[in-house]
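In the block that follows, a single chain appears as structure tokens, in the form predicted on its own.
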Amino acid sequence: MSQIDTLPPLREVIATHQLSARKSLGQNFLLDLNLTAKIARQAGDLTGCDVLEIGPGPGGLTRGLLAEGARRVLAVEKDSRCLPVLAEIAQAYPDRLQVINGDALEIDPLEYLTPPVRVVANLPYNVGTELLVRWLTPKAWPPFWQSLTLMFQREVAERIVAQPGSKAYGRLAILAQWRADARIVLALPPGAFTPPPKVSSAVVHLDALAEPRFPADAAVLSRVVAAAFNQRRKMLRASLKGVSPDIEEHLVAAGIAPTERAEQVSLEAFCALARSLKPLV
């Protein structure tokens, strides 16, 4: 199958509209519509969901989401050059695609979405991590989204799913795994993109948990984890000294040896430390 709908192939669309990818916008286009449909399928059953897509570009993934039955897609695109292409897709899928021309970091999509909501995106490399952190740290939990299916540089994807003891394990793993089930569902080589990036990519799927995996105050946990990993080569009794003057007592109370380093400490133990520190921080 070379086509998923009646619209032209993406190479033809890009040529017609002269849509060269711009490095300044973190753009790398996926042109294989079979592949974009495969990514859409990683998000699960979309038939009863609104889908938020960031950075649709020429609309390859957008078409995949619509072809896979998404109830409605809200696409946020910063590059105004892509708007005519996305308008053509909207015509082909009446009343199912809304496009907002703007910066995803500055737009609140909630007023345009009806639950249940899934987020599916080939995120621009330059804003991907920041958007993920925002989605994982809302003021209230559960969040507006049921799941996130996101493409990142493979190195970032590995940081999201990393386990204690690995070099990739850090703040991003803690944030993601505290409130979601995260797994890598697809790997993509540079050659899958136009232009090919210098690094491999991977799609990560995160399902939101109804409540965090272990009890902890979000602000305290965030502060502790940031301090611990900002000086990850130091023992925790040193890296966390600024959090509390009697940090060693709190580490022991949480079952953590004061001589351990951040990458050795499990999510559960970090949450126990945050609970111990909460009255003080």
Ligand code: SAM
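Bear in mind the structure is a predicted one, so any value in this text is a computation, not a measurement. Start at 1 and count along the sequence shown; that's the residue number.
We do not show the form predicted together with S-adenosylmethionine, though everything after this point is about it.
Enquirer: Based on heavy atom distances of at most 4.5 Å to S-adenosylmethionine in the predicted complex, which listed stretch, 251 to 259, 232 to 240, 215 to 223, 28 to 36, is the contact stretch?
Expert: Selected stretch: 28 to 36.
Enquirer: Which pick from D79, E158, D207, E88 sits with a heavy atom within 4.5 Å of S-adenosylmethionine in the predicted complex?
Expert: Answer to the contact question: D79.
Enquirer: Counting any non-hydrogen atom inside 4.5 Å, which residue from A168, A92, V127, L186 sits next to S-adenosylmethionine in the predicted complex?
Expert: Exactly one listed residue reaches within 4.5 Å, namely V127.
Enquirer: Residue-level contact is defined here as any heavy atom of the residue lying within 4.5 Å of S-adenosylmethionine in the predicted complex; does C49 satisfy this criterion?
Expert: Contact check for C49: no, nothing within 4.5 Å of S-adenosylmethionine in the predicted complex.
Enquirer: Heavy atom to heavy atom, is G102 within 4.5 Å of S-adenosylmethionine in the predicted complex?
Expert: It does: once S-adenosylmethionine is placed as it appears in the predicted complex, G102 has a heavy atom within 4.5 Å of it.
Enquirer: Answer for L136 alone: is it within 4.5 Å of S-adenosylmethionine in the predicted complex, judged on heavy atom distances?
Expert: L136: no, not in contact with S-adenosylmethionine in the predicted complex.
Enquirer: Taking heavy atoms and a 4.5 Å cut-off, does G64 contact S-adenosylmethionine in the predicted complex?
Expert: No.
Enquirer: Using the arrangement in the predicted complex, list in sequence order the residues of 227 to 258 with any heavy atom within 4.5 angstroms of S-adenosylmethionine.
Expert: If the 4.5 Å heavy-atom criterion is applied to S-adenosylmethionine in the predicted complex, 227 to 258 yields nothing.
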